[in-house]
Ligand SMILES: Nc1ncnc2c1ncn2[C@@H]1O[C@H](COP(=O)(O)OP(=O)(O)OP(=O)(O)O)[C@@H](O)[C@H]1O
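Below you will find one chain, with nothing else, as structure tokens; this is the form predicted alone, and questions on how it binds or moves follow later.
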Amino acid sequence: MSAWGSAFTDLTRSNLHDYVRRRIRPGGGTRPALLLLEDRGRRAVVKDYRPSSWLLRTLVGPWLISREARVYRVLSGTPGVPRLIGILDRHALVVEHIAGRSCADYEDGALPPEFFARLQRIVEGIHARGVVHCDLKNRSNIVVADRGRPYIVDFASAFTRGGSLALLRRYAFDRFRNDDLRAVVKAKLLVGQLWNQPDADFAFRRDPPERTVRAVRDAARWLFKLFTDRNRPPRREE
């Protein structure tokens, strides 16, 4: 485990529960467990696929952990992105905890335009590093931290521009980048203080290629969840 000041330097799977302060979410099926940790005044979150289904825990989870950790390393130092503390083991990673409320918890008109201007700059900074988030339409991935600062969390669905199939990846990157930007504008329309028609036209418009890309992505997620749920072992009777 990499050092974060003097915190979490001795964290391992065997002593993990010595650091746990709260279980944010139990794991199971296609969902990893989320645990809140604390050490020497620092807080972190563990994303752990060990309690998930056999397929996710054994085959997919380790790949997702490695992939998400790589994204965090690419984004290291980017404003508005939690820092990666380290990989606990092949099933789990540890990232900085961002204290605050989910953007999804806010009512209409509760957040000022300045928040969304900052959020857009963060998203553009992520894109400049060659990463798209791909799940900002889920507003729980946008955190309103202290003094109203926006943070973006959970890069499990993130997509990077580099690698093999460069032309195809560049095309997909541009499409998903528009998704990210539209998600910011849509959040501003839904929970911000300003409504205007140009933003609405941009946020809700989908051209045919983008609809195709989104449909393929959503179908792949649905098939994966269906396969995982069907292969989940039956629950034991208490």
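Bear in mind the structure is a predicted one, so any value in this text is a computation, not a measurement. In this text, residue numbers run from 1 along the sequence as written.
Unshown form predicted in complex with this ligand; subsequent notes refer to it.
Although the partner is absent here, S76 sits far enough away that none of its heavy atoms falls within 4.5 Å of this ligand in the model of the complex. Within this chain, N138 lines the site of this ligand in the model of the complex, having a heavy atom no more than 4.5 Å away. Using a 4.5 angstroms limit between non-hydrogen atoms, R13 is distant from this ligand in the model of the complex. For the chain shown alone, I98 is a contact residue for this ligand in the model of the complex, at least one non-hydrogen atom being within 4.5 angstroms.
Stretch-level contact check against this ligand in the model of the complex with heavy atoms at 4.5 Å: of 55-63, 167-175, 182-190, 42-50, the positive one is 42-50.
Shown here without its partner, the chain carries H17, L84 and I87, none of which come within 4.5 Å of this ligand in the model of the complex through any heavy atom. For the options L111, V143, V132, V71, the residue carrying a heavy atom within 4.5 angstroms of this ligand in the model of the complex is V143.
In sequence order, R31, P32, L34, V45, K47 are the residues of 28-48 having a heavy atom within 4.5 Å of this ligand in the model of the complex; the partner itself is omitted from this view.
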